[in-house]
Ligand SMILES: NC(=O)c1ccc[n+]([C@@H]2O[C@H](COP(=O)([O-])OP(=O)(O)OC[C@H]3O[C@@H](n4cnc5c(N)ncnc54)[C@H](O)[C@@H]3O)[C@@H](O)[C@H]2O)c1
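Coming up is one lone chain in structure tokens, specifically the form predicted alone.
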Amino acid sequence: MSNHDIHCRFFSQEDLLAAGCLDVGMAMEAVEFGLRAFQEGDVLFPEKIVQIFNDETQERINCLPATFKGRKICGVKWVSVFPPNPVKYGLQNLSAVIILSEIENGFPIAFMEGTLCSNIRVGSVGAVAAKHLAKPDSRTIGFIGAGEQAKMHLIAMKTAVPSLETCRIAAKEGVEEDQFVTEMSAIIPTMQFEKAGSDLSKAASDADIIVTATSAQAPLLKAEWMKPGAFYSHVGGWEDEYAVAKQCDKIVCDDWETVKHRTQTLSRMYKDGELTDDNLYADLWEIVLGKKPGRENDDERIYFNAVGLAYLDVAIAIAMYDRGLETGLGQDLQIQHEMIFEHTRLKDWVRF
């Protein structure tokens, strides 16, 4: 073996799944660790790089780095979002890869499929919020939207709130509701599923937990459907009417300063002068670290909005890397054996 051998571990999505990385409990621990580490100044989190290839369709590739100094690991998520893919080509609209490097010598240690991690991050952040903000004896969850994020959120919410027993689902097309129930009933056979037949009010009304996870830019969720004591997890962009937030006793974000500059309902309200900084109750880290209480009574309506913090993707990716190593799955990738000018055949390979 050469002194200049560089190896890293490759994990496909199938490797990560077989290693038990679809573990929301593990991801929730990573999220809480990440939030704590960031507040303690242990995380380097530079601005993301966004390359938009089509302003109209928002086809783009983003580069999102973060470093956990205590773990001595730097990571980056390279994620593509191509909204036309499903309709135009029958393909998924999001794909991602993650690279991890150690920061003692600066060499890569892992290259992994990142779509699983990215989806789990969204669900597990919602789950951490639900652990602190939903009623612990919640029984019913209602979904508006039946895609990948809705499915991941059901797993996440069931992990955070084990008492959930009934899931109502409303989607634009009945076939989407059918697919959701078929796939998720196989994963959570103890859950009772109710298809709403695209009736959004039927899914959301009287639900203890409400999740909107759509690509729509319209006020789908109505305030009158959100009962006292309900917890609302807002996943997408503009999915609820302003009155939903206005009636809530607490509004919590993963990071309000980031949220208010985006295109979520809350950011629209902020820009329209309908919401101020004073209306925000807390960022999630304040509740996780005990700076502010979460739910304080059974009648509070609580609104949670996460825009997405990429350092949490890296925190989860590190946990997945650890799990992958423990199980021995993945493949060894040799990055190099020798330095460039140490190759004895280099003279045969040079082109002028």
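Note that the structure is a prediction, hence the values are computed from the model and not measured. The first residue of the shown sequence is 1; numbering continues from there.
Absent from the display: the form predicted together with the ligand. The rest refers to it.
Novice: Answer with one of E241, E148, E102, E274: the residue that has a non-hydrogen atom within 4.5 Å of the ligand in the predicted complex.
Specialist: By the 4.5 Å heavy-atom cutoff, the listed residue in contact is E148.
Novice: Looking at I318, I302, I287, V307 here, can you tell me which has any non-hydrogen atom within 4.5 angstroms of the ligand in the predicted complex?
Specialist: Partner contact (heavy atom, 4.5 Å) among the options: V307.
Novice: Verify the flagged residues A30, L35 and S124 against the ligand in the predicted complex: is each one within 4.5 Å by a non-hydrogen atom?
Specialist: The answer is no: none of the three residues contacts the partner (heavy atom, 4.5 Å cut-off).
Novice: If we take heavy atoms and a 4.5 Å cut-off, which stretch out of 201-209, 154-162, 132-140, 169-177 is in contact with the ligand in the predicted complex?
Specialist: That would be 169-177.
Novice: Is S267 close to the ligand in the predicted complex, meaning a heavy atom pair under 4.5 Å apart or at it?
Specialist: Heavy-atom contact with the ligand at 4.5 Å: absent for S267.
Novice: Does the 4.5 Å heavy atom contact test between C248 and the ligand in the predicted complex come out positive?
Specialist: Taking the distances in the predicted complex, the answer for C248 is no, it never comes within 4.5 Å of the ligand.
Novice: Taking the ligand as it sits in the predicted complex, is I144 in contact with it (heavy atom to heavy atom, 4.5 Å or less)?
Specialist: Yes - in the predicted complex, heavy atoms of I144 and the ligand come within 4.5 Å of each other.
Novice: Given that the partner is absent here, does A216 sit within 4.5 Å of the ligand in the predicted complex, heavy atoms only?
Specialist: Yes, contact at 4.5 Å.
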